[in-house]
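First, one chain by itself: the form predicted alone, in structure tokens.
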Amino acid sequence: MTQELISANHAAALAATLAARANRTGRGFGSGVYPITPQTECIELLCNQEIEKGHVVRVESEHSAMAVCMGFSVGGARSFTASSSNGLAFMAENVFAAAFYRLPIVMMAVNRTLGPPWNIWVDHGDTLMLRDSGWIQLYCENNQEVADTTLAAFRLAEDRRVLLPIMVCQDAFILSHTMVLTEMPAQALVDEFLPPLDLPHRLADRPRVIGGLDLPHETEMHRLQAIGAMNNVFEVYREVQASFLQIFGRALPDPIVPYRMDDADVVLVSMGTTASTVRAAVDEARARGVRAGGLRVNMFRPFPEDLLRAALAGKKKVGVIDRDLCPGLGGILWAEVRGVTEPGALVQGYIAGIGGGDVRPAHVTRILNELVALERADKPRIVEVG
């Protein structure tokens, strides 16, 4: 292991490079890349890496970037790309196609506000618009998680019980451009962790049909297979966690990450970097005698329904902080979490930091204090953070 002072963008690129080299005895590595702020640093570094059996292809659009990844992947190569915001929107057709083809592509998605009007700061709406695309979605809290999760994503995606693509999501600028000491493993350890990819349906000497016309019943069967693969993710992820800990000596986060939840009366649920701010507000509330707790959703797809239901059992007041907005509904995380709380629980949605406003401990404390005083849930509220 070596410690490097790097941004989360660079952490993802270096992790992808290590994964690429680990497949040198397999069918190598391929990537299609196109720049968009704030993920450009990632692919710039990736383009400058020496990968002895791999190609990074610079293309003219995000749609083509995913198409190139799909081509490499269907040929049996390990594949990675990165995008953000409107780039993800332009890529959307092929995002769905990659999942329907059951291709284990890993993509680093730097969460950024969709435009217009144009905004380059953090908002989870870009990846959450793709929540039904068939991709596994993991939301990181810090730079080390970005590096570790990128490596783990290849192992999870390529498992034959899964064979689904994965988005490794990180908050724009808060992580993507922030330099933090990050442990990067030696290539020999990554080789031990990541076996060469052997894609069972890759194009080879025997002819295969890829993307032909399905009749209704055939499409139904393909979707059922995808559901089965998603249902396998939790078990396979536990195995990946165990292997990661054994080889690298560091734990991967669970699908949900509780904080001071055991005796909590009031709980705040969040994703990404907001969770660290929630912990600070929980500690401050505890010092005042308020039995508060925090719950971070690390794996949003597949949705950890059973784990959330168990964690929120007996909790009568739950606040959900979204960094996204679905007009006409409210926060997307809130909309899903409210379905797993106990009957009669007060579940209030809060929308904070859309468009990149700083969500600070004082803002979360204000949310927490309001939640404690609430007698009934209301429509999701936008919290002005400036």
Partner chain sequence: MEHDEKSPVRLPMCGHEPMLDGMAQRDGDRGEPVLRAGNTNCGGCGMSIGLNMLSRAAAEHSIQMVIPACCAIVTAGSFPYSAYGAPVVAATFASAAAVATGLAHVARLNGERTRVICWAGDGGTYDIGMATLSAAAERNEDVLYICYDNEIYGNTGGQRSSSTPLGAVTSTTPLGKDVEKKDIVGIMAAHRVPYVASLSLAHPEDALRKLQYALDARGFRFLHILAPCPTGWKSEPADCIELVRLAVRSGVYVVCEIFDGERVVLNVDSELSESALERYFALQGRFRKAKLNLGAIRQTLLKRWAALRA
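No experiment lies behind these values; they were computed from the predicted model shown. Positions refer to the first chain, counted from 1.
Although not depicted, the form predicted together with its partner chain is the subject of the following passage.
- Remark: Ala97 counts among the residues lining its partner chain in the predicted complex, judged by a heavy atom distance of 4.5 Å or less.
- At the 4.5 Å threshold, heavy atoms of Ala281 stay clear of its partner chain in the predicted complex, well away from it.
- At a distance threshold of 4.5 angstroms between non-hydrogen atoms, Gly212 is in contact with its partner chain in the predicted complex.
- Contact annotation for Val57: at least one heavy atom lies within 4.5 Å of its partner chain in the predicted complex.
- Comparing 337 to 345, 350 to 358, 46 to 54, 323 to 331 against its partner chain in the predicted complex, the single stretch with non-hydrogen atoms within 4.5 angstroms of it is 46 to 54.
- The single contact residue among Lys316, Arg286, Arg260, His222, judged by any heavy atom lying within 4.5 Å of its partner chain in the predicted complex, is His222.
- Proximity to its partner chain in the predicted complex, defined as a heavy atom within 4.5 Å, holds among Glu235, Asp198, Glu93, Asp306 only for Glu93.
- With contact defined as any non-hydrogen atom lying within 4.5 angstroms of its partner chain in the predicted complex, Leu203 is the only contacting residue in 183 to 203.
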